[in-house]
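A single chain comes next, written as structure tokens; it is the form predicted alone.
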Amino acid sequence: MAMETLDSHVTTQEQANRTGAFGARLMRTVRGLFNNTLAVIASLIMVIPVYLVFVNALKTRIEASSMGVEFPTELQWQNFYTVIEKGKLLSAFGNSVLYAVTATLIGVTLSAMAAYVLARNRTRFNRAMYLLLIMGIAVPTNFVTLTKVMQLTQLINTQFGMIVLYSASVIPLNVFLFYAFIQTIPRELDEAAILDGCSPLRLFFSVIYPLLTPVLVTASVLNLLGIWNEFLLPLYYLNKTAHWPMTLAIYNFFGQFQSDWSLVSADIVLTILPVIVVYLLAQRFILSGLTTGAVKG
């Protein structure tokens, strides 16, 4: 009798375990389907506008007037040549490359140097400076004051002035990324380099700077993409069309050809294509750099 009761208890326990395991698998499956559904919806929200722009850039003016999702009856590659010629995109592309690359190099280098000093000398003053710098991530820009500064320094409506503005705009985020990463680098490296006779600049650029490669790549790519897509700063501080970047060129082009959505779409494609290419090529570096900073910081 006791054996039968024990066997019955064991059988009941096994059934309960199977039921619990089945319920856990079912919950995991439902959660996975829900997450995948959200990912698909988010992807469609991102992809559909880009798809519409690419498709309508290859249509005639009449076909593109409705901005439909259907494929064009005949590919109109000449739309891109028209846009490049009438929109002056070659000079605008050169300006965007100049602004993005130069400002990124300056901003990343200065941010890394500042973060190194603030992370290695953790006084109250340096802590306050660090908090003041990273406030720039969230605090909006005061364009009235900035305009006065640009006028006083005679940097308004100049390419050099735009490079200075772009470089300054990326410093808060860069310092935030570098600061946490530098804290993970052992101080013993600094002490060994100093004992070997390294000057402060040589210590930073020969020892510390190469170790920052993961976060350097991440910050550089994010800066490049952000500067390339920036619209307000050149709109406010550039009046000469010869100094306009791609964002202002497309804005001006839209004002002239807003009735022809095939040309407007072609202009948008030529503007966003470099961004898409850079992001696709550097995606793994962005993810690895952010992950490394998050884990080590």
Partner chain sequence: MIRNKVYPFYFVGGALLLYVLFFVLPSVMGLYYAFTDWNSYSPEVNFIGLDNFALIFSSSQGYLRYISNTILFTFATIVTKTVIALGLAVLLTRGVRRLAHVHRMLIYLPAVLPMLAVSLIFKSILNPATGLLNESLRNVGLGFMAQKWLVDINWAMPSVIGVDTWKGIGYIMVILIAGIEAIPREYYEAAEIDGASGWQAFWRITIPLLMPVLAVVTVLNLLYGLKVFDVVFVLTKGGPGHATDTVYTIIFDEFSKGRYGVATALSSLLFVAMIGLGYFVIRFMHRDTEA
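What we label the rigid core is the largest C-alpha set whose atoms superpose within 1.5 Å from one form to the other. Residue numbers count along the first chain shown, from 1. The shown structure was predicted, so the numbers you read here are calculated from the model rather than taken from an experiment.
Not pictured, yet referred to below: the form predicted together with the partner chain.
- With the partner chain omitted here, the record of contacts in the predicted complex names 158-166 of 158-166, 210-218, 93-101, 72-80, defined by a heavy atom within 4.5 Å.
- Although the partner is absent here, residue 120 sits close enough that one of its heavy atoms falls within 4.5 Å of the partner chain in the predicted complex.
- A residue is said to contact a partner when one of its heavy atoms sits within 4.5 Å of a partner heavy atom; residue 55 fails this definition for the partner chain in the predicted complex, lying far away.
- Put simply, residue 124 is far from the partner chain in the predicted complex: not one heavy atom of it is within 4.5 Å.
- Interface residue remark: residue 197 is not counted as part of the site for the partner chain in the predicted complex, having no heavy atom within 4.5 Å.
- Using a 4.5 Å cut-off on any heavy atom, the residues of 230-251 that reach the partner chain in the predicted complex are, in sequence order, 231, 232, 235, 236, 247, 250, 251.
- Once you line up the core between the shown form and the other one, the Cα of residue 54 stays within less than 2 Å of where it was.
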